[in-house]
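In the block that follows, a single chain appears as structure tokens, in the form predicted on its own.
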């Protein structure tokens, strides 16, 4: 396939715009040739950024697919619950896919998609597990694969969601209600489960047990006198609330990035009428705000995974315990302890070359695009199905974890 790879963006939200921005940063590798979104402003923003003519801007994915655009890859970055149908349709029409995670909203839908991918074996389907493509996690995986600490015995892993991210995405936002989206453990942590499978060389998970609750974001914890919307809340209540939408969106700037119009006026209008202005204790959310998952993999390796909303910042912390040493990671640095020599090494990702500039998720957002381009130009199509299958395993684990949580920690076997 010739460069640049031609992309059509189905879903012009934050993730769709992020993948599209790769084409602007690396025009020799990729080019956006179309966009579809039910929000005209979102679609227009992508169209303007990439110089698209009106006939290459569609009102939804149905219109885009019906037009059968001349492109190589359909980038499916729409809401979680809407991934399956366009993915199946695009594969039937012969397109390759970059499919934002999670790939589907139920395990049955994942199996339906897997059947289609196995049928269309010459079509590449890359699921958005961007952490594989970061300098930091690649180094961690290489240390494990190279047996720097001997054989892995167990792993302890913490996913720090962050208190503002939890309030934004998993209470007020798109993933607050499981019926409208997907379970939080799937949406947020299929990244982590994908990492575990990757670090352990593709071993299958053979046992899952999980507990999790919505401990804070519910009516029982609503402060006395709190209004339904933060802008209407008495100052004596609102000023004491760490989750105040006024603080998060008006007084701070860092949580404006998902929105197309980030002006003060747009933010205030959104808080007065949109979902992000609601009191976190008066939403229709049912997503957990913390969850623990214990996993057992083939060969007896165990993993203790914790997803926690109530952290000051986001990121991931990991400890890998081996027969000859251990590794401690904080998302940027890795400290390797060797038992036999009683020596310690420190590796710092900030000192490494190779992180794509302007790329989020530690370079993973552009890293996955680089891999997509590489596979389509120099990869072996015989290996396409295996690329998808590795992502499928992470979803199988996530659905088992959610089933266990709902069954109050009952053991779920992956088989």
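Numbering follows the first chain given and starts at 1. As the structure is a computational prediction, the values presented were derived from the model and not from experiment.
Heads up, the form predicted together with a small molecule isn't pictured, but that's what we're talking about next.
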message: Please tell me whether any heavy atom belonging to residue 361 falls inside 4.5 Å of a heavy atom of the small molecule, as the geometry stands in the model of the complex.
response: yes
task: Considering only heavy atoms, tell me if residue 80 and the small molecule come within 4.5 Å of each other in the model of the complex.
output: yes
query: Even though the small molecule is not shown here, does residue 123 get within 4.5 Å of it in the model of the complex, heavy atoms only?
result: no
field: Exercise: residue 45 in contact with the small molecule in the model of the complex, heavy atom 4.5 Å
entry: no
- prompt: With the partner left out here, if you bring back the small molecule in the model of the complex, are 13, 101 and 191 all within 4.5 Å of it by some heavy atom?
  reply: yes
query: Residues in which of 52-60, 375-383, 345-353, 65-73 have heavy atoms within 4.5 Å of the small molecule in the model of the complex?
result: 52-60
query: Of 130, 230, 303, 166, which one comes within 4.5 Å of the small molecule in the model of the complex, counting heavy atoms only?
result: 130
task: Could you work out which of 134, 187, 294, 318 is the residue within 4.5 angstroms of the small molecule in the model of the complex, going by heavy atoms?
output: 187
